[in-house]
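Below sits a lone chain in structure tokens, taken as the form predicted on its own.
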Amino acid sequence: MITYEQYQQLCDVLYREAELLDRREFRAWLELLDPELRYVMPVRVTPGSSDASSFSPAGRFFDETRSSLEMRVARLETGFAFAEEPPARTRRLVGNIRAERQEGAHYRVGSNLLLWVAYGDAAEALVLAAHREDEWVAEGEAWRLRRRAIYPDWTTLPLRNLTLFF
């Protein structure tokens, strides 16, 4: 059972995470990540009319750890991440948050993400939608993201590169 206070804390940490990413405060975002983090985005497949929500058992857009995310952030900080020059402008809207307590201080949290992305002076922006399934761990007053699976609503990523964090 989860208390209202725990639920509110989890909502707050998801909103804070979105804010950090939109502000490109990637080092502060990394502090939210557990050392044992697994961060994956499976590839959606369209097998036929019977199942519109299938995902490849093996295909991944990415399958990351905290260490690999730290390397991505370090690369973005070099000034030589040309795929992000100029940096994309983003706005993340997180909603439909559902949470339940697992064993101990572990919480399963589902949420929906709407990610707005604009590049340079382009007149058009991308709007991406996904469902996320997370495992958050309470460590005293802090929360750490241990697992995240991002289930996109598209089969082919409409992005010019894969430098964004979801």
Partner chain sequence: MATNPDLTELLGSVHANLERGLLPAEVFADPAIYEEEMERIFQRAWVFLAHDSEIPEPGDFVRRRIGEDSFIVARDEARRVRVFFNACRHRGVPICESDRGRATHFRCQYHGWTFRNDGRLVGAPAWAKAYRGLNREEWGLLEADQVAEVHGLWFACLDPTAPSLDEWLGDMRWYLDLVFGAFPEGWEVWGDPHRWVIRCNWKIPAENFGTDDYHLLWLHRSNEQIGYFQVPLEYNMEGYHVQAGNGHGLSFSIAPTPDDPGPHYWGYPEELVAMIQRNPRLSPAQQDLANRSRVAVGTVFPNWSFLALPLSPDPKTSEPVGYMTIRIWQPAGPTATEAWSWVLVPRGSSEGYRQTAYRAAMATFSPGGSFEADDVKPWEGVTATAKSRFWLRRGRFYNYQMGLSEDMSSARLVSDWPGPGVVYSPRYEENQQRGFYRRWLELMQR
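Numbering follows the first chain given and starts at 1. The structure displayed is predicted, hence computed values, not measured ones.
Although it is not shown, the form predicted together with the partner chain is what the next lines describe.
- Put simply, residue 21 is far from the partner chain in the predicted complex: not one heavy atom of it is within 4.5 Å.
- In the predicted complex, none of the heavy atoms of residue 112 sits within 4.5 Å of a heavy atom of the partner chain.
- Within this chain, residue 45 lines the site of the partner chain in the predicted complex, having a heavy atom no more than 4.5 Å away.
- None of the heavy atoms of residue 2 is located within 4.5 Å of the partner chain in the predicted complex.
- Only one of the listed residues (31, 36, 63, 100) places a non-hydrogen atom within 4.5 angstroms of the partner chain in the predicted complex, and that residue is 63.
- The three residues 71, 85 and 160 all sit with a heavy atom within 4.5 Å of the partner chain in the predicted complex.
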